[in-house]
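Just one chain is shown here, as structure tokens, and it is the form predicted on its own.
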């Protein structure tokens, strides 16, 4: 088969004047594309780089591909940006790896995802969504459980989450939300901070989806209020240790697995995803968010987890690709 690779590279994106330094955090590097290319070619297929944005549109129209391995994050600050490339592929009737546009759009919207989780009976920290400065002025904080984490509503890779994102009062929350509304140009989520273990869960396959593993993020500098900030992720080799499999109580492990499968299936995820939890002192896992388009670089949590479980980097990518092929049996015979 001829496999197209869709992606957005940091080096091809313009950094807007006045934009935050983590503006391009979610975009990929040529090294990551190389891992995917070698994994696919190692299975006996050929590859062609389609890129992202307008370049992707031109290339996908001109290149004959049988299926696309999509990791494109999309352009802009839209809550549906991750759905841009899959939407074009569906319009052109081209098979692709990963979740569909509806799933990607819903999951990138943290507020909507949390509402759906709440409706399904999956614990998630209490939160408020503030869309603009007027809503911020009208917000009544009485009864909200501080401390809280302030984060952009439509981002991933801990984008927008810094040390000052953890606030202890309404006054701190208001100041941080106001700044974030201006900086990230999207609604802001104020989320109750769960002081406990940070757990990320890898999901792989379809019908039934399998829990690849659970990994605990442990700060090397012990803190009662550890936050997995963008700065920590950038310097993960020096600042954190990863425990995989995560050492948790059996009942907590079972609950996390149950909630992860339920979330994956209810939201219609496909092939792979990563789900983040915080575990409270009494062992209750609170789902924070789900990423149906997790990073595949060697610095990405899903890959770190897979390597700790004994997989090679390219092997995990091949498993994701083969999971997609099972959904497109005609591709196998191309």
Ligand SMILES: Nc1ncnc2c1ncn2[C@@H]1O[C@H](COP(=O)(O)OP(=O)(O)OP(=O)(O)O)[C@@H](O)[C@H]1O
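Since this is a predicted model, take the numbers as computed values, not measurements. Residue numbers count along the first chain shown, from 1.
The next section is about a form of this same protein that is not shown, the form predicted in complex with the ligand.
- The candidate spot formed by 10, 55 and 60 lies out of contact with the ligand in the predicted complex, as no residue has a heavy atom within 4.5 Å of it.
- Contact with the ligand in the predicted complex, defined as any heavy atom within 4.5 Å, is confined among 191-199, 95-103, 134-142, 169-177 to 191-199.
- Although the partner is absent here, residue 156 lies within 4.5 Å of the ligand in the predicted complex, judged by heavy atoms.
- When contacts are judged by a 4.5 Å heavy atom cut-off, residue 291 counts as touching the ligand in the predicted complex.
- By the criterion of a heavy atom within 4.5 Å, residue 204 is excluded from the residues contacting the ligand in the predicted complex.
- In the predicted complex, none of the heavy atoms of residue 212 sits within 4.5 Å of a heavy atom of the ligand.
- For the options 244, 149, 83, 117, the residue carrying a heavy atom within 4.5 angstroms of the ligand in the predicted complex is 149.
- A heavy atom within 4.5 Å of the ligand in the predicted complex is found for one listed residue only; from 129, 227, 218, 112, this is 227.
- For the partner-free chain shown, 274, 276, 278 of 251-281 come within 4.5 angstroms of the ligand in the predicted complex, judged by any non-hydrogen atom.
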